[in-house]
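Here you get one chain, nothing else, as structure tokens; it is the form predicted on its own.
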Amino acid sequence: MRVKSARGVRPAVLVIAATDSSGGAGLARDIRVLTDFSVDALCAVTAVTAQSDSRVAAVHHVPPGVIRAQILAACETRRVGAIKIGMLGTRATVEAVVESLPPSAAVPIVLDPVLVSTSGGVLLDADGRAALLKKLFPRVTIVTPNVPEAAALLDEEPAGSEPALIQQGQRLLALGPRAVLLKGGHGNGEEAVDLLIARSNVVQRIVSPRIGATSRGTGCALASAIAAGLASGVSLVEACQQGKRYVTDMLSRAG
């Protein structure tokens, strides 16, 4: 899949995320997705994880000063068209990222709120979650939680219906992001429905057939695909639609 910049220059996305030794998620997945969209990747590593498909064996958090230096160096290297943020891990990391981000109006920011691994390992501690909501949410263009993540961020039970999910999305929106994309992969039914909620309170339904397959790294893939679109100059709605198509194809191939 190829996305061309409106200016004819190959766009770049700064990925702020962790490594995953299995290659299924994290930076390895992000770079693979950006490559598929013909978008260059700049990287700031927040943590090094030892993971397999079944467990998180170890996590080493990169010192905050090194994270700040990575972000600064990446932004000095070339123009960043969008930023994708994944696993952060700790409050200190969240704060280091917030302190290092360019002004929110300067570059679109996509936040994938990584809270736990697919195997259930905790990847953002309680203090980190509080800092994420208070300090990072107001800086981002769009946040992309799935149903369990939306509930966990709000300290609520998972929504059991689309209207309830929209209400949770609106409560997340009130915390400061310009938009919230609620991913419907954990729902039921023949269709997987993602809900894009913006500050206008307009809800855009992005629908695809539900695929009877699972794959690690779908959250990373969707957020990176959205960032690729935004870096290339497409609208937020179009970026979310192309991200949905990319993940649907990814799941189809996994099945």
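Residue positions are given as counts along the sequence shown, with the first one as 1. Note that the structure is a prediction, hence the values are computed from the model and not measured.
Below, we turn to the form predicted in complex with pyridoxal-5'-phosphate, even though it does not appear here.
- Three-residue candidate spot Met87, Arg216 and Cys220; every residue lies within 4.5 angstroms of pyridoxal-5'-phosphate in the model of the complex by at least one non-hydrogen atom.
- In terms of contact with pyridoxal-5'-phosphate in the model of the complex, the residue from Val114, Leu153, Val80, Ile71 that brings a heavy atom within 4.5 Å is Val114.
- With the partner omitted here, the residue from Leu236, Ala18, Val247, Ala12 that has a non-hydrogen atom within 4.5 angstroms of pyridoxal-5'-phosphate in the model of the complex is Ala18.
- Of the candidate stretches 90-98, 128-136, 106-114, 167-175, only 106-114 has residues whose heavy atoms lie within 4.5 Å of pyridoxal-5'-phosphate in the model of the complex.
- When pyridoxal-5'-phosphate is considered in the model of the complex, Ala25 lines it closely, a heavy atom lying within 4.5 Å.
- Heavy atoms of Leu123 reach within 4.5 Å of pyridoxal-5'-phosphate in the model of the complex, making it an interface residue.
- Contact annotation for 36-58: residues with any non-hydrogen atom within 4.5 angstroms of pyridoxal-5'-phosphate in the model of the complex are Thr49, Gln51, listed in sequence order.
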